[in-house]
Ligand SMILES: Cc1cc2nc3c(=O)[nH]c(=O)nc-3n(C[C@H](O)[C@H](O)[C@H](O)COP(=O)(O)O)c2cc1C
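Below you'll find only one chain, the form predicted on its own, shown as structure tokens.
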């Protein structure tokens, strides 16, 4: 069973394509996460968990959800991470999570996808050429990764250095608490009150009031609200006003006929 959370479509695409190649079920975890639904998940085939990377790790809400999730059937777990180029210590933490559940960690694969993070000027936006290159590069890896999983082999990725763990473990929670805040999100007059942002927020941090989104105090900066707004009515301060809001659906045509 392939399980995934995806904010703006990168991870969803990789998960669905892996599931297709494995002839396996593919489950979007968003609704379960929002509802805190940890009802039993059962699979005869290995579990393949696909996740984006936020601040060098899986999103905290996703790892917390998986820690409380019960799995029945196969005891083998693979992880697949999508990132803007650096997966940090995600594999180290995934292994620890799996072993704590008395399951077998079968390694992880990393897919370098277009960056969706537009709420900071510290990260340059990718050009159209870079976006297309990353999507096609990731597509070309799908067969090899799926074949390794299908044949029961372990996935291998870049070895994480000790200093990365030493730096990231204390740094991540501080950064998440003080930097990943929702206070600068707002909707412009283009907002049509469709509620997409509310439905796509994994933390239930957005509520519609008078048909306009209002953000609460929890945020993970996944960019789901910005990236999925059908009229691009959501901004983050003045940082995002002149930036393209990324969503994989804009580029799906690149890979539509490749399989």
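Only a predicted model underlies this, so the values are computations on that prediction, with no experimental measurement involved. Positions refer to the first chain, counted from 1.
The protein also exists as the form predicted together with the ligand; that form is not presented, and the subsequent description refers to it.
Quiz item: Among 63-71, 186-194, 40-48, 216-224, which stretch sits within 4.5 Å of the ligand in the predicted complex, heavy atoms only?
Solution: The contacting stretch is 216-224.
Quiz item: Within a 4.5 Å heavy atom cut-off, is residue 83 in contact with the ligand in the predicted complex?
Solution: Looking in the predicted complex, residue contacts with the ligand include residue 83, since a heavy atom lies within 4.5 Å.
Quiz item: So, in the predicted complex, is residue 138 in contact with the ligand at a 4.5 angstroms heavy atom limit?
Solution: No.
Practice problem: With heavy atoms only and a cut-off of 4.5 Å, decide whether residue 3 touches the ligand in the predicted complex. | Solution: No, no contact at 4.5 Å.
Quiz item: Is residue 29 close to the ligand in the predicted complex, meaning a heavy atom pair under 4.5 Å apart or at it?
Solution: No, residue 29 sits far enough from the ligand in the predicted complex that none of its heavy atoms falls within 4.5 Å.
Quiz item: Going through 110-149 from first to last, which residues have a non-hydrogen atom within 4.5 Å of the ligand in the predicted complex?
Solution: Residues within 4.5 Å: 113, 114, 115, 116, 117.
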